[in-house]
Ligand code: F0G
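Given as structure tokens, the chain that follows is alone and in the form predicted on its own.
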Amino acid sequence: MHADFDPEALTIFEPFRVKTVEPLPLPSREERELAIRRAAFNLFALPAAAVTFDFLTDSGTSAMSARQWSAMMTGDESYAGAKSFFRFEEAVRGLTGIEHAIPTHQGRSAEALLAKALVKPGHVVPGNTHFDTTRANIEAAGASALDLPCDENEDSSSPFPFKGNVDLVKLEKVLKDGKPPFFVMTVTNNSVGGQPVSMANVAAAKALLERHGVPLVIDAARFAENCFFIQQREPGLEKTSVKDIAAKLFSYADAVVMSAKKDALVNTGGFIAVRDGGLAETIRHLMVLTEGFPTYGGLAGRDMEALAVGLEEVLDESYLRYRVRSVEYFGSGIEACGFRVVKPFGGHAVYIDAGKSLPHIPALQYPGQSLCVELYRRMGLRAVEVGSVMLGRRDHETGHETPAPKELVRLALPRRVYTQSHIDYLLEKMSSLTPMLSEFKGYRITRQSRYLRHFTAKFEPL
């Protein structure tokens, strides 16, 4: 943002104009009550037409730009070797510096292909903190996903600037105990509150991994937000452009997986990029079975065109400043209402610490799910639980459950969709909610699947 615009102003103005509008659904309280009961108290099961403010995810929910819509009109839908693939390939290579760029229909497809190519039963795959689909794809291959977050992450109110970091001491111990197929660095670290990873931590992890011959995989879903935080918070990089920081970040990667539905600003798509030509060939052979020919990977040509433009637009520092400032504004307002929140605020979402905000509800009665239900019931706001429903461990033989380290609720802000007046309205409603928190009840799960249970589980109130 140019110097004559004040980035600290109370009023945050969007660095873009709106050309198309969509009416918000406005269901009544009675209609919302009926909808949540029909959904068995699972927010994923709600029809979108019953939701006024949809903060369930920032994945695939962005508003695309005029440049992206224009690029879609040039999409080449040839089955093999389409011009749109080469445009996509050029954009990914230009961003990451990695030669082999393979399109996939979304991030979990890239994760699945990597797991099929490299993971064997009994493997342990470490990461700073695996997100749900990464963990599920590793476990579906018969391996274990091991989280190694830094100690500073344990205190949700700590101001430590890079709480997404991996614990290097623990990582070194894992590497000495056995050789994993790869290590995953998720940037930003979604499961611990959308917290960024420092460049120094990535560099140190890379040096450790290299000594043990273990590849570094970067989960780049929110790479641009992470790079902006590095610019703002990491000494020595404050005068480096976000684009150059991204190039440095990816220089440490042996492979990159990305759900482009986040920081590529598109509604569908992803990719996997690898340096090793033999691994790239293996992945291309695997993807033909389920994803499609390697030059489209389950995407239409128009989607690859929009993705290529999005990878350029997301590096606009005016946009990134607005994005991060908007999340901070929302988070500060929620904290002022009396909720406990994860700080410092991340780049894509505000995380409420439901365990601390609802201390009367035990972890295995899912305080995060309780809060999500009430936010919808009372405000028409759809959020998602990131706690023991999503990340708890269940022994499928005995039914025994181990709770997640934290009971969080994520309010993910779709990119370029909601305005400050929407946020101010939500804060006004949330301030009236806090006096009622002690009345909220826990939940139990009545039906669940083996993997990714939070998507389809059914609940009932206790």
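Just so you know, these numbers come straight off a predicted model, no measurement behind them. Just count from 1 along the sequence shown to find any residue number.
Below: the form predicted together with the named molecule, not depicted.
Asks: Among 163, 347 and 406, does every residue place a heavy atom within 4.5 Å of the named molecule in the predicted bound form?
Replies: Spot residues vs the named molecule: no contact at all.
Asks: Looking at 82 to 90, 287 to 295, 219 to 227, 246 to 254, which lies within 4.5 angstroms of the named molecule in the predicted bound form, counting heavy atoms?
Replies: Within 4.5 Å of the partner lies stretch 219 to 227.
Asks: Quick check on this chain: which one of 65, 57, 52, 420 has a heavy atom within 4.5 Å of the named molecule in the predicted bound form?
Replies: Checking each option against the named molecule in the predicted bound form, the one that comes within 4.5 Å is 57.
Asks: Though the named molecule is not shown, can you say which of 128, 259, 195, 369 has a heavy atom within 4.5 Å of it in the predicted bound form?
Replies: Contact with the named molecule in the predicted bound form is made by 259 alone.
Asks: Hey, in the predicted bound form, is residue 263 touching the named molecule, heavy atoms inside 4.5 Å?
Replies: Result no; residue 263 lies far from the named molecule in the predicted bound form.
Asks: With a 4.5 Å heavy atom cut-off, would you call residue 107 a contact of the named molecule in the predicted bound form?
Replies: Contact with the named molecule, yes.
Asks: Looking at the partner-bound form in the predicted bound form, is residue 232 within 4.5 Å of the named molecule by any heavy atom?
Replies: Residue 232 lies outside the contact set for the named molecule.
Asks: So in the predicted bound form, does residue 133 come within 4.5 Å of the named molecule, heavy atom to heavy atom?
Replies: Contact check for residue 133: yes, within 4.5 Å of the named molecule in the predicted bound form.
Asks: For 165 to 193: residues with a non-hydrogen atom within 4.5 angstroms of the named molecule in the predicted bound form?
Replies: Result: 186, 190.
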